[in-house]
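One chain follows as structure tokens, the form predicted on its own.
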């Protein structure tokens, strides 16, 4: 006997199940092929931009710039030091030996024209205290106390040191203040051309009896 459809007791037939939707139609020529939308390669996910390391003071780029600047400055300083080493030092010091003119160009007394340029006073005397003759001697303008430069006080006829008050007579002999000994004399002679030649490289000290040396005094 053929199976009968299930009929509920009320006599109403059971509802049929819903039909499945038909697959989308494929255009002719694309059967079995992948569409362009499906075939397009997937782009990798965009990477997030890595920001520079930050610092409360400088960024990483700033630190790199600072490092390069320091390196450049150090290199330049090294090159400058190397170049300076290749050349000798030149000292602009006054010469130790120099001519100061002819004897008849000087009047008796203390002449200060060479004090600033060469560091000497030229004194013309009618009678030297040691040589006992008329002539010239050259006094160095350096106080024998602590090396200051005294001033010639013509009104008081003495050299007076402004630093500590040492006083010297026109002969160079100390007589007041803390200076322990007289001023020093420099070598003074006549050059071949008749001019007075002073040589500060050779000095004469009174306390050592050196003022008696013929080259410590120029007789005229």
Partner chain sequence: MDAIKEFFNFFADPRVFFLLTTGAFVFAVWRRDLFVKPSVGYGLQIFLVLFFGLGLLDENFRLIIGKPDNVPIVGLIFLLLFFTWYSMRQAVLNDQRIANAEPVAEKVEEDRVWVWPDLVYIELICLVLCSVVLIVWSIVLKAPLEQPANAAATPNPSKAPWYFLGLQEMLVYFDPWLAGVVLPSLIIVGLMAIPYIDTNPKGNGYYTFKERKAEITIFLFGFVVLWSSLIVLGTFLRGPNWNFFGPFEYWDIHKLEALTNVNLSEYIWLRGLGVGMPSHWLFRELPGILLVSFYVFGLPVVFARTVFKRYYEKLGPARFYVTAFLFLSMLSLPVKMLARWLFNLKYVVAIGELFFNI
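Bear in mind the structure is a predicted one, so any value in this text is a computation, not a measurement. Positions refer to the first chain, counted from 1.
Missing here is the form predicted together with its partner chain; even so, the following discussion is about that form.
Site residues 183, 187 and 198 are none of them in contact with its partner chain in the model of the complex, judged by any heavy atom within 4.5 Å. This chain appears without its partner; in the model of the complex, the one residue of 73, 146, 133, 79 with a heavy atom within 4.5 Å of its partner chain is 146. Although the partner is absent from this view, residue 104 stays clear of its partner chain in the model of the complex, with no non-hydrogen atom inside 4.5 angstroms. Though the partner is left out of this view, residue 124 does not reach within 4.5 Å of its partner chain in the model of the complex, counting heavy atoms only. Using a 4.5 Å cutoff between non-hydrogen atoms, residue 191 does not count as a contact of its partner chain in the model of the complex. Contact check for residue 164: a non-hydrogen atom falls within 4.5 Å of its partner chain in the model of the complex. Contact residues in stretch 141 to 180 (any heavy atom within 4.5 Å of its partner chain, taken in the model of the complex) are 145, 146, 148, 149, 151, 153, 155, 156, 158, 160, 161, 162, 163, 164, 165, 174, 175, 176, 177, 178, 179, 180.
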